[in-house]
Ligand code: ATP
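This document starts with one chain, in the form predicted on its own, laid out as structure tokens.
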Amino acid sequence: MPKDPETITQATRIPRPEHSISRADISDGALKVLYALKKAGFEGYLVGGGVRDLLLGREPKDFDVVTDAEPEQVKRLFRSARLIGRRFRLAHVRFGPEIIEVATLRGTVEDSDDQDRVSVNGRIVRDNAYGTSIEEDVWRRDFSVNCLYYDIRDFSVLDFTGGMADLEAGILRIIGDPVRRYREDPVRMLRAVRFAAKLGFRLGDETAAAIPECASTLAEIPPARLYEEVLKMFLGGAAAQSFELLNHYDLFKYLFVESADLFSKDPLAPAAQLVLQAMNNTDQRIQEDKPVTPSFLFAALLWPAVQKDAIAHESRGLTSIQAIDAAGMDVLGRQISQVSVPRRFSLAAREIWSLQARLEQRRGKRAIQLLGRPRFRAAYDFLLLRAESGEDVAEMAEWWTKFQEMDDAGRRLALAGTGQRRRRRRGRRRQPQAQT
């Protein structure tokens, strides 16, 4: 079991021969920051995901440093440093394309003189109270596996909370009382899901058990911050597993309530399968180092709600194109109260949806013109996704697949054939019913 930070007196120091971190695996920028802080007489430790990933034999995405130097002192040490953040005051030190995030040791909530630092329900709204020691900073970390400090002075790893044992056991465990920590920052529940999915870990029993009690506090988080968390969960290479864990812990509804309501009624419905397939495809593209776009992801996540609204609009006399356009605007308008979607991505998602109705019009110049639309490829991929998930659009998807592969003469023949079939359908006379 991890140690309770409130009773911490000293760390377990793991000497260099007993751990796998080598300076050769740490970026040049991070090493420069650590050595500069040391030379200036400050403490400096590599901490967080970088240390965790190095110990797991993974390549860190980035490196974070914690120090007893305050942000203004860090800025004076590094000409390329820029101070950012209001809720968390940090220094970003740039070395070419690399940015090293440098944070000052944090103090505990109880030690703060700022009475407005914590909201009525316990959520920390500002966190610029600096600590005086690494032992205080430990309490401010979230999970034990993220609370391992690499000390540049002797290349050892400091473990205050049993993080090394949790790494070896594959357990993600929150530091301290889970209910209290989730109420301090409800986003920690989403981070628990993200790290568990990314690392292939399971949540510790107490860490998981507190989620139902605290889940509703996610409604207090600004939509813009939840947007950032959604991107981290779904564009980090473990989207499918994150999606499944969000549903397992009943957290998905606090991000996409309308889609979640439809999933809960029929988890095997095509709409639910479409979202899961979109997550799998996103993970595969990231593994293959191919680009991914948030607009396609949001188009999939919100498609169930868009379909539902479009049916309602059609019942009031709108055409299929008008209905899906109206539904897209309505759904996005409601969605921003939970997770905000930047305009550049919402416009692209709306066009992907709108083109689904236009892809049904396979005749004349319209089909040729659709091929030239900037979002045609994304809309076509979305159509394939719908077909794969079980929607009744397989024939249409196959037609567009073949149509793209044809030369101009082949396309003219295909469009002529489509027109003839449509004329035959329109020309059929309805047979009179037998009199009884």
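Numbers follow the displayed sequence, beginning with 1. Not measured: the values here are computed from a predicted model.
Below: the form predicted in complex with adenosine-5'-triphosphate (ATP), not depicted.
(message) So if I measure heavy atom distances to adenosine-5'-triphosphate (ATP) in the model of the complex, which of the stretches 49 to 57, 23 to 31, 393 to 401, 371 to 379 falls within 4.5 Å?
(response) In the other structure, the partner sits against 49 to 57.
(message) Please tell me which of 146, 340, 156, 247 lies within 4.5 Å of adenosine-5'-triphosphate (ATP) in the model of the complex, judged by heavy atoms.
(response) None of the other options qualify; the answer is 146.
(request) Could you check which residue among 142, 325, 135, 314 gets a heavy atom within 4.5 Å of adenosine-5'-triphosphate (ATP) in the model of the complex? (result) Only one listed residue qualifies here, and that residue is 142.
(request) Check whether residue 298 has any heavy atom within 4.5 Å of a heavy atom of adenosine-5'-triphosphate (ATP) in the model of the complex, and answer yes or no. (result) Contact with adenosine-5'-triphosphate (ATP), no.
(request) With heavy atoms only and a cut-off of 4.5 Å, decide whether residue 76 touches adenosine-5'-triphosphate (ATP) in the model of the complex. (result) Outside the cut-off, so no.
(message) Can you work out whether residue 309 and adenosine-5'-triphosphate (ATP) are in contact in the model of the complex, taking contact to mean some heavy atom pair no more than 4.5 Å apart?
(response) Close contact is absent here: in the model of the complex, residue 309 is far from adenosine-5'-triphosphate (ATP), nothing within 4.5 Å, heavy atoms only.
(message) Taking adenosine-5'-triphosphate (ATP) as it sits in the model of the complex, is residue 188 in contact with it (heavy atom to heavy atom, 4.5 Å or less)?
(response) Residue-level check for residue 188: yes, a contact with adenosine-5'-triphosphate (ATP).
(message) For a quick check, can you give me the residues of 62 to 84 that have a heavy atom within 4.5 Å of adenosine-5'-triphosphate (ATP) in the model of the complex?
(response) The stretch touches the partner through 62, 64.
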